[in-house]
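One chain follows as C-alpha cells, the form predicted on its own.
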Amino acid sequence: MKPILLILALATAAAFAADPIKSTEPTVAESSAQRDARMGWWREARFGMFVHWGLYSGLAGTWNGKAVGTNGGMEWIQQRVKADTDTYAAAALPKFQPVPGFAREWAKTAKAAGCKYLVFTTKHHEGFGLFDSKVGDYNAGARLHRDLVKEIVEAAHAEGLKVGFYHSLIDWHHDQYAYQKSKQLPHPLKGQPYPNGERDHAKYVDYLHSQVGELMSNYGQVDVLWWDYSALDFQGDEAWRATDLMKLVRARQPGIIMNNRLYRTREAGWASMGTEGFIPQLDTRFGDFITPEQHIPATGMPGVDWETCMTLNTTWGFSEHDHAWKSDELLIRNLADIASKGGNYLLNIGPKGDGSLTPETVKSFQAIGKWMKVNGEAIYGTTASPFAKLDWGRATRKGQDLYLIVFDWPKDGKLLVPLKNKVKQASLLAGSGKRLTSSSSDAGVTIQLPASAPDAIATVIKLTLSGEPQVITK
C-alpha cells in the first residue's frame, strides 16, 4: 500500500473506532446453518474460565480496615459501602498493581484445566476499563500506562484459547450515567440525587458504544461478548440502544457470540430480576445464549444454548475473607452435570489486585485438569444425555457413543443402564481403557465393573451402541 493511502486508511479506521455510533450497517439475516457454524466451537467447548478482575480486586473485600462481608460479591464493594466514585478510586487505585506476567499464569492455568475459552472483565460496574481507551481517562491506559486487555488477549491466544470480553452496561463512574432511570439496577448512590446536576443518559450511551467499538477493533478476533446487565424496568434500546450496539459488534466481529443480558424480557430468556429468573426460551435476535448464574437448570434447556457461570467460593471478585471454597468433587461433578444437560460451564476465578491467583484457585483448576486429561472425551463435543435421570450419575452422548459418568459406584459391581440397545463395546476411559463385559435383559444393559472405582469422584465408561439410543422408561 502506498504511504498516503496507508495514512488515509489508518485515519479512517481510527475515526470509525472513536465514533462507532455513526455506523449504519444493516442487520444481515442468518440461516440456521450459518448460526450452527458460528456456534459450533462454543457448543463443543463445554468448559471455559471466567475472570472477574478490577479495582475491587485490590480492596479484597476490605474497606477502611474492616471486612465488608465474608461472602457474596466483593466486585460490588463500591456499592456495598455506598462510596462515591472519587472516594472509591482514591482507595482502590493504589492497591491495583498488576505484576508482569500475570496474564500468562491465568492462561496457562485455564489451558491445563482443559478450558477452551477465557472470558474476562474489560469493565465491571465500577466503570474502570482494563484497556487503553481514548474515550475518557478512567482506564488502565490512562492510569497505569498499560493495556491489560492486550496483555490478557495475547496470553490467551498463546495458549490456543478462544477469548471473550465481559463488559458492564452499568457504570458507577460515568457522570452522565442516569442511575435514577431504574429502580432495579444497583448504584452506590441509589436513592440520592445526582451529585453533578441533571444527567444526559444519551451521552453515557455514546460513551458505551465508543468503548465497545474500541474493544471490537483493537484486539484481533474476539469470540464472545458477555454483557452484564439489564433490568425489567430499564433494558434494551431504551437503556443502551441495544439494537445498534449489537449491529456495531457484529459489523466488527462477524463470528462473535453474545449472551442475552442486553435485555431483560421473556423473549430474551428472562422472567424476573433474580439470578434464578432465566427461562428456557430465547429469540436469537436478543442474544445467542442464556446465562444461568450460580444455577444448573434441573432438566437443562433443550433447544436453547446456555451456559452456567459459577464461582469457586461465593464471590466473583477476590475477597481475603471468603473461604467457602467448593470441593474438587463438586466442581468436577458440576462440569459433568452441566455437560449432561447440554450446557457449558464458565467457572470463575477472582485474581488478587496484583493479578496473582490464590493457592485454592490453582488447586481447584489443577484437580479439574487432571480429571479432564483422562475424561475430556466425555465432555468435549458431546450432547445432552438421552436419559431423564440416572440414580448413579450422569451421561453424555457423541453419535452412537454414550459416556456414563459414574458418581456412585455400585457395591455389587453391576451398573444397570436403562437401554434397549445392544452394546458393541464397553470400556473404561481411565487406565489402559480396560474392556468391560455387558449383558442385556428387559430391565436394560448391565455392565460388569471392577470392584472399586478408578476415580472416586467420577469414573467414565464409554459405550458404543448399535444404532440410536433406545431408552427404557418406567
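In case it trips you up, residue 1 is the first one in the sequence shown, and so on. In this text, all values refer to a predicted model and were calculated from it rather than measured experimentally.
Separately, the form predicted together with a small molecule exists; it is not shown, and the next lines address it.
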Partner proximity in the predicted complex: residue 147 to the small molecule, non-hydrogen atom cutoff 4.5 Å: no
Contact flag, residue 50 vs the small molecule in the predicted complex, heavy atom cut 4.5 Å: yes
Contact of residue 76 with the small molecule in the predicted complex (heavy atom, 4.5 Å): yes
Residue contact check: residue 293 to the small molecule in the predicted complex, 4.5 Å heavy atom: yes
In the predicted complex, the residue from 151, 228, 159, 305 that sits within 4.5 Å of the small molecule by heavy atoms: 228
In the predicted complex, the one of 166, 263, 403, 318 near the small molecule [non-hydrogen atom within 4.5 angstroms]: 166
Which of 363-371, 89-97, 123-131, 108-116 sits within 4.5 Å of the small molecule in the predicted complex, heavy atom basis: 123-131
